[in-house]
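First, one chain by itself in structure tokens, the form predicted alone.
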């Protein structure tokens, strides 16, 4: 019995027109990255497990796809660890490699490994797939493409300002009618934990409050209680959920709330400076929102954190990022601050598809089709076909002398712009019939006029 074709949940196939749309999206993103001075790099699709594990927090580690050792390496599994019921150690001995979870940690490894070949500050962009063993659902995939820009070797807040501009410019160029760029600072969150008497439990707190938009205030409180936060600590956190008003209003409220926290005040100073620069420069379509519950549950962020959400669609964040001061230190290179953002290409693609933002011409993968009337006519078409391709057009000759109706149906199915028909008489006279498949208009042209027209039309 033949096997039923299927792909793993959380992955997708892309048809030619879909690939064309994705390439349009990637080209738009790359062009903005390039104009802001970022250079491209690539890293392997899988890394050593030791490179990735312990960098994303407990929840992130659970979502890393591990690659099972093969061959002789399987014989080296740590059976003593299994006998001692030390499953993490046993698992590590079975899987020395893992698919990358994101592009940031591999980038930190890349910077440390190639530090002598780079000029700092180093600005890079990277567009490659990543993998997460997450539960597949709308807008959430197990394989997806990230488009990242990072700058390392500079702690200037002008980098944060530039990244906000990149968010705004890319999404404006892609046609999104409205989106919010949410901004916070992990130092502010550290200050909140400090004021609440839970400074040592900043990770537990941020993981919980980062879920506010998903599980609501009651859900966050329940999670904090489950984590062992005292009723007094939770009471001090609860007012934050109701902080409303303009960015300036929120800053004023937090100045008072964090009056006794030096680290919290530092975070407010940094955020204020970024807001001041962005307000002076202005944004095209993005709305910059100070969201004090934004936490992004990754352990490595130390300063500014970002998320972007599209308006008028049911979708989670489509972009994110933040500053990380200590990430390269994990690989032996201290004192190298970095900040970066990531565009979730698959979610942006879904948003653009839902809002019908892709240019209609991207559905067309073929410009000109030559109808095949037979062997001799086909030979004649081949010479003209080559000249059309030399003009940069996508063109082909139907491979067999099938019925005209079948060939025209093929042209319609391929969304072809123009069809060329050259019978024996036309070939002898050096003419052809040129049909506009959208309007149905048809005209007789000489071969020379046809080539001139092709150059003008495309």
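Superpose the two forms; the largest set of C-alphas matching within 1.5 Å is the rigid core. Please read these numbers as outputs of a predicted model, since none were measured by experiment. Residue numbers count along the first chain shown, from 1.
Absent from the display: the form predicted in complex with the RNA. The rest refers to it.
The partner is absent here, but in the predicted complex a heavy atom of 317, alone among 247, 128, 317, 372, sits within 4.5 Å of the RNA.
Proximity to the RNA in the predicted complex, defined as a heavy atom within 4.5 Å, singles out one entry of 106, 344, 338, 264, which is 344. Among heavy atoms of residue 132, some come within 4.5 Å of the RNA in the predicted complex.
Shown alone here, residue 59 lies within 4.5 Å of the RNA in the predicted complex, counting heavy atoms only.
Residue 449 falls outside the set of residues with a heavy atom inside 4.5 Å of the RNA in the predicted complex.
Residue contact check for residue 23: none of its heavy atoms lie within 4.5 Å of the RNA in the predicted complex.
Across the options 149-157, 236-244, 132-140, 185-193, residues that bring heavy atoms within 4.5 Å of the RNA in the predicted complex belong to 132-140. Judged against the RNA in the predicted complex with a 4.5 angstroms heavy atom cut-off, the residues 44, 53 and 66 are out of contact without exception. Taking the RNA as positioned in the predicted complex, the residues of 208-234 that bring a heavy atom within 4.5 Å of it are, in sequence order, 211, 214, 223. Core-superposed comparison between the shown form and the other one: the Cα of residue 429 travels 2 Å or more. Taking 2 Å as the criterion, residue 114 does not count as shifted between the shown form and the other one: its C-alpha moves by less than this amount when the rigid core is aligned. Superposition on the rigid core between the shown form and the other one places the CA atom of residue 220 2 Å or more away from its counterpart.
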